[in-house]
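Below sits a lone chain in structure tokens, taken as the form predicted alone.
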């Protein structure tokens, strides 16, 4: 139902924004896979991520879990092209995107939506103004911006608060605005960096359900970094365990939580509070 250069554009206006036709979207889905190959990053000579690889399927939520300081957020920032790796490469739909600059980098970044723990909203702007911001920066026509903002705020359940400043919103409402903004440029991949850690349990569940419904409806590849084991259990299809900057285990979420193969995974499953320990 959104109307940028995506197969969902072909859906008629009276269809759900989650409508897909399998024969229309197969080529698009092939472009949605996120791959990280042998990413390595050090700060001040200290390794933070070491030879980390994973792959996120279209239409799946892939969780990255581990102790505080395990390198999870740095890995996500490299996936989002916000941090340059020392070595290794990120690929969007099989196409290397690491090392781009200028307009090519901006174009690649628009293929990814990022949801942050701290929301990163403009408190003086309305909900609609925040969602419109990346579209304004991309030079989208004003009429198209208005239409897309209306649809996105309706998608996240905030259509009735479009003209209210987000400074007055609850944490859950702010995160819903942030999710709508992350979807503004109609990304192929959604990255969530501790997107629920600042929320209470009930709000966390509602935000996770929203992310899962977006995953199902738009068949996005979702990479979710979290230290909350209940979050990974609730929505993740696959899970990667990181320890001391390295990927030590990857597999279906059910298998990892029922029978972890790594020592780090066993510690996290046995004692979720382990994730907070440096």
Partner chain sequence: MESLLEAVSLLVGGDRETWWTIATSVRFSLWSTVFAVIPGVPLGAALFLGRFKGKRAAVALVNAVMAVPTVVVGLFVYSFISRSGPLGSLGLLYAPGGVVLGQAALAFPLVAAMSYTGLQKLDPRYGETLLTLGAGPWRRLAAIIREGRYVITQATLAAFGRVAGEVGVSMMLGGNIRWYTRTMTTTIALDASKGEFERALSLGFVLLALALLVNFLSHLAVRDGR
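Numbering follows the first chain given and starts at 1. This is a predicted model, so every value here is computed, not measured.
Only in words, not in the display: the form predicted in complex with the partner chain, which the text now covers.
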property	result
Complete contact of 220, 246 and 250 with the partner chain in the predicted bound form (any heavy atom, 4.5 Å)	no
Contact flag, residue 185 vs the partner chain in the predicted bound form, heavy atom cut 4.5 Å	yes
Contact label in the predicted bound form: residue 176 to the partner chain, heavy atom within 4.5 Å	no
4.5 Å heavy atom contact, residue 200 to the partner chain in the predicted bound form	no
Close approach of residue 112 to the partner chain in the predicted bound form, 4.5 Å, heavy atom	yes
Stretch from 150-158, 118-126, 85-93, 202-210 whose residues place a heavy atom within 4.5 Å of the partner chain in the predicted bound form	118-126
In the predicted bound form, residues of 176-202 near the partner chain [heavy atom within 4.5 Å]	181, 185, 193
